[in-house]
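Here we start with a single chain on its own, the form predicted on its own, put down as C-alpha cells.
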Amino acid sequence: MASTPVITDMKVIPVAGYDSMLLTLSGCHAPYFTRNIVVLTDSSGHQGVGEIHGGEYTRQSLESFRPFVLGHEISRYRRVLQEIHHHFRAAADDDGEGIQTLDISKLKYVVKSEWAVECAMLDLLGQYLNVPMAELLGEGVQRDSVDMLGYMFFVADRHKCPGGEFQYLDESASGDPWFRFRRNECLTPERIVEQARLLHGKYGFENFKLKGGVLHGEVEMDCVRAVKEAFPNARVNIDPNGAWSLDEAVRLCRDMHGIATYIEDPCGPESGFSGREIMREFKDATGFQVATNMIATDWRQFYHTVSLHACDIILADPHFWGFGGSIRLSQTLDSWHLTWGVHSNNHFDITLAAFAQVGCAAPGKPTPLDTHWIWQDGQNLLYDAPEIRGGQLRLPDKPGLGVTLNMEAVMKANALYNSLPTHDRDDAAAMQYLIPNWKFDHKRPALVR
C-alpha cells in the first residue's frame, strides 16, 4: 500500500507572456517570452505546479518524462528524478560548454527540464505534510523573507519595430508609473536613474543590478555611478555577461570600489583561456568580488571555478541546479565563506514563488536575488501571486509552493503561445530592426557596431 499519494495526472502546458524591448549582450528581447508549466495531480486531489524554460526542446523533454512520473508516490520524488537522469542522453549538439559565451541557443541545455517536475512534486509533498516547500530543502526554513534586487535594463525604442509579430505591448494608458515606464526607451544615465527610482517606489528595492553588455563600457559605468549617487546606501552591481576583454574590464572597474559592490561576469574566454581563468585574473587585478551565472552552471564547472578561486558569488538558479541542488550548493558556499544567490530569466509568478522557497531555505547570508518578475508583473498565472514589498519576497503562509493556479489565465497564455510563429528565444531578430544585419558577437556590446 502506498504511504503517500501517487501521481495520477501530468500536464505540460507551454505558455507565453509579454516582454519589453530589453537589451543585453545577446541582442534584444522579443515582444513575447515563453515558458513551460508542469501541473501534477495526485490521488488525494492536490495539484502541484512547476515552471521552467520555454521552447519546444524543453516541452518535448518534459513530455518524455511522463512514464517516469505517473503512478509514483510523491514522497519518492528523488527516485523519479533518478530514473529521468538514468534514461537521459545529452543532445547531439550539446558540447558541454554551457553559456560561457552567452550563446542563447545553448541555454536550453543548461536549464534542466526535470527541475519543473521536482518543483511540482515538492509542492505536492509539502501540501501532504502541511509544510512549506522550504521546510523540505536542506535544513529547512532559515528566514521568513529574502532580499531581492531591482534588475535594471537598457530598453530600446519599440516604435522602431514594424508591428506584426514584433508588436510590443503598449502600457502608456496604465495608471501605474512603473508599468508606463517599462515599455519605453531607456538608454541614458538619467533614464536609468529614473528606472531605479520607480522600482524603489513600487517595490521598495534597496539594491540594484544593471544588465550591461549593451553600450560602451564607460557609458554603462556612468549609469552605475549615477544610480549609486541617487541611492548612496544601495548595493549597485553590473552584469555585462562577459562582453568586456580582460584589459577593458580591469580598466573600467579598477576605480569603482565604493560604488559597485561586485561585478558579475565582467569578462569571459579569450586568448585560449577559459572564462574561469580570465575571471581569476580580473579578481587579482582589481580586488573586486565577482559573481557568475555563466562559468559555474553545474557541479563540474563549479569545481574548476572554486579550484581557481575565480568567483565569490554563485548565482545558482534552481532551474539550472534543481531545487535540492541549489540548496546543497548554498550549504557548500556558506561553509566555505562564499556567497549564494539566484539568477533569473523572464518568468511568471510560479517561478517567483519558487524563488521565495529557495531563498528562505538557503543558509548564511544570500546576496539579494535576481528576478525579471518586475518586467512581467501583472500577467499572473496564479490567484495568489507573491509580492515584492520593501525590497523583500516573503515565504507564502500556505503549504507546498504556497500558490493556487489560475487555469483560465494559464490557458489564455497557452493560446498566446500557440499563436506565435516561433517558440524559441531569438534575441537577434528584433536587433535587426535597430541595426540592419546585426549579428551576435560575445565580445561586442549589442549597440556597439
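As the structure is a prediction and not an experimental result, all values here were calculated from the model. Start at 1 and count along the sequence shown; that's the residue number.
One more form of this protein exists, namely the form predicted together with D-glucarate (GKR); it is left out here, but the text below deals with it.
Remark: of stretches 356 to 364, 342 to 350, 122 to 130, 109 to 117, the one touching D-glucarate (GKR) in the predicted complex is 342 to 350 (heavy atom within 4.5 Å).
His372 is the sole member of Arg276, His372, Lys283, Arg183 with a non-hydrogen atom lying within 4.5 angstroms of D-glucarate (GKR) in the predicted complex. None of Gln376, Thr305, Asn241, Asn207 but one reaches within 4.5 angstroms of D-glucarate (GKR) in the predicted complex through a heavy atom, and that residue is Asn241. Although the partner is absent here, Ile104 lies within 4.5 Å of D-glucarate (GKR) in the predicted complex, judged by heavy atoms. Taking non-hydrogen atoms only, Ser20 never approaches D-glucarate (GKR) to within 4.5 angstroms in the predicted complex. D-glucarate (GKR) is not drawn, but in the predicted complex it has no heavy atom within 4.5 Å of Tyr168. Proximity of Lys228 to D-glucarate (GKR) in the predicted complex falls outside the 4.5 Å heavy atom cutoff. Contacts between 155 to 183 and D-glucarate (GKR), taken as any heavy atom within 4.5 Å in the predicted complex, involve no residue at all.
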